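Given next, in C-alpha cells, is a single chain: the form predicted alone.
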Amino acid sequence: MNKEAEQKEVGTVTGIYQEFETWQVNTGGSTIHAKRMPGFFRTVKNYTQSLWLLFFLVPYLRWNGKQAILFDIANRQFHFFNLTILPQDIWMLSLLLLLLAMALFAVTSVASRVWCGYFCFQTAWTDWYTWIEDKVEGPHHARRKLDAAPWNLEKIQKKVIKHLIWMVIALFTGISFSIWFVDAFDYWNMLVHFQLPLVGWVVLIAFFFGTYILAGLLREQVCMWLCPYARIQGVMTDSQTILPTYDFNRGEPRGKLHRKAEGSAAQGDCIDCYQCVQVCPTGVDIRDGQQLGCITCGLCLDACDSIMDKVGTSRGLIRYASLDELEGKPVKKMYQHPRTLVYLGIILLAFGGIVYGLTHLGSMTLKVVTERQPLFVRMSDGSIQNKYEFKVLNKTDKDLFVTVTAEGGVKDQIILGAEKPLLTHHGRGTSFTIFVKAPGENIKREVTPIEFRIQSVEDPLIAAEYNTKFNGPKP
C-alpha cells in the first residue's frame, strides 16, 4: 500500500473512533442500535433466517382439497399430506423431540450457539424488526441521535410508522401460528367476521404482544437474561468447541491506527476501532473473551475482516476457532469428541425409530382382545365358541367398511358377527364383537393360533392383521 492510500485509509478508519471511545455491556438501560454491514456471515444469516418464511406460507399449502400440514388438536390428529398420525403414534413425536434436542446439543458441542445466531426465531424476528427500524429511522448513528432528540413531528412520524409495521408483523405472526392448528381459510373467515372462539382470540393476542415486546422492545435482553439456552450452553461446550474468537496473540497490545502508522513499537493488529462491537446485535465486545451475550452469529468477523482489508492486514483477527487453537494446543477432530459421538448415536437411533414408525404406520390398525371369562363356551350342538373384542383404528380421513376373515384356527370354523361389512369411523377407534365357532371334534389342542384380517371394501390395499389364539377344551 503506497503512502497516499495508507493515509486515506487511516483517515477513513480514524473517523470511526469519534463515535465510540468506550463501550459497556448493555443491561437494558438503553437500546442497542447495531450497525448493519455486508459480508459473508451476514449473507448466511439472511439465508438461514429466510427459512422462517415457511412458517408463514406452509399452512396455505393444500393437498386433496385439505390443508396439507395440520395439527388438528381438536380432533387429536396430525395431518401430513396423505399421512394421518393419531395419539396412538405419539411415541414418534417423542423420538422427534429427542432427535431435535440431541441435534441441538451436538451442534452446540461442535460450533457453540449457531442455532441462536442463524436459526432462532427470536434472533430472526429481532433482525427483521431492526432492519425495518434501519429503513424508517436511518442507520445506527441516526437512530441513536433520534432517540436522544426531543420529541417533534418528524420523530413522532418515524416512531409511529416503525411501530405500526412492527405490529403488522406481530399480528401476522399470531395468525400464522394459529393456522398450523386450524384450517387456514376457515380461520381467516372466522377472523374477518370476528367469530373466533375464545381460545383463538387468546392465542392471537398473546402472540401479538409477545412478538411485539420480545422482538421489538426487549431484543437482545431476551438472549442475555430470559433465554435458558444461554445459561445451559456452558455445559455443552469446552475448549475444543469452535466459536467466534479474538486472536489476542496477534491483536494485543491494541492501539489506534495513527500510532501504528507512525511506527509505534510493540503494537498488535487490533486498531481499537470498535466495529466488532458496533455490529454485535447483543452489544458484547468479543475481545473480552467468551460472554453470555455472544450468540455466535459471526457478524463481528465480517466487521473485523473489512477493517483488516482497509488497513492492509490479513484477515482472521477475529475468526471461528477453538480456545485450544488460540493457545497453541493440539486440536481434535470432530469424531474425536466422545460427547459428540454419543449425541450422534442417539440421533441415529431416534431417526431410525421414526423411519420405522412411518414406514409401518399403515392406514388402519387392528387389536383383538380375547374374552377370558370364560375362555370358551360349549354350545348345545357340541361346538366350541370364542368371543373376541375387535378394536379398529381407521387413520384415513373417511369412514370405511371392512370385512373380517381368519386364517389358521380350527377346521370348519365360522365367523359370527361379521356376515356383512362393518363400518369403521375415520380418525378414531371403532369397537365391535366377533364370535368364532368351530366343531368340537375338530379341536385337536387346547390353544390354536389364529390370525384375523380386516380389509377395506372401498380400498383393498387398506388392511390390517392381528395374531391371537382360539381356546378350547383339553383333547
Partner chain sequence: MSEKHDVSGVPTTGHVWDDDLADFTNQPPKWWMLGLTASALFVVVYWIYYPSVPFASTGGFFKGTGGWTAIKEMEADKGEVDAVRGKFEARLKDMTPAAILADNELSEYVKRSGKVLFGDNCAACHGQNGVGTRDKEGLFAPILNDDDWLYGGKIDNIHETITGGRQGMMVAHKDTLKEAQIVDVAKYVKAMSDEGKDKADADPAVAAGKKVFMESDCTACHGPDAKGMQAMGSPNLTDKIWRFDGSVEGIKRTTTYGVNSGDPQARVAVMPSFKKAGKLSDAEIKKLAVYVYKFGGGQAEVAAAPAVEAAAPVAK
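Worth saying up front: this structure is predicted, and the values here are computed from it rather than measured. Numbering follows the first chain given and starts at 1. So that the term is clear: the rigid core is the largest set of C-alpha atoms that superpose within 1.5 Å between two forms.
One more form of this protein exists, namely the form predicted in complex with its partner chain; it is left out here, but the text below deals with it.
- Put simply, of Pro330, Pro338, Pro374, Gly312 only one has a heavy atom within 4.5 Å of its partner chain in the model of the complex, and it is Pro374.
- When you look in the model of the complex, the only residue of Ile414, Val58, Leu51, Val44 with a non-hydrogen atom within 4.5 Å of its partner chain is Ile414.
- Using a 4.5 angstroms heavy atom cutoff to its partner chain in the model of the complex, all of Ser380, Glu419 and Thr433 count as contacting.
- Of the heavy atoms in Lys35, none are within 4.5 Å of its partner chain in the model of the complex.
- The closest non-hydrogen atom of Asp147 lies beyond 4.5 Å of its partner chain in the model of the complex.
- When contacts are judged by a 4.5 Å heavy atom cut-off, Lys256 does not count as touching its partner chain in the model of the complex.
- In the model of the complex, Ile354 stays away from its partner chain, with no heavy atom inside 4.5 Å.
- Here the chain stands by itself, but in the model of the complex one stretch of 386 to 394, 109 to 117, 186 to 194, 73 to 81, 386 to 394, has heavy atoms within 4.5 Å of its partner chain.
- Put the two forms on the same core and the Cα of Val402 is off by 2 Å or more between this form and the one not shown.
- With the core held fixed, Ile165 shows a CA shift below 2 Å between this form and the one not shown.
- In the core-superposed comparison between this form and the one not shown, Thr123 has its Cα shifted by less than 2 Å.
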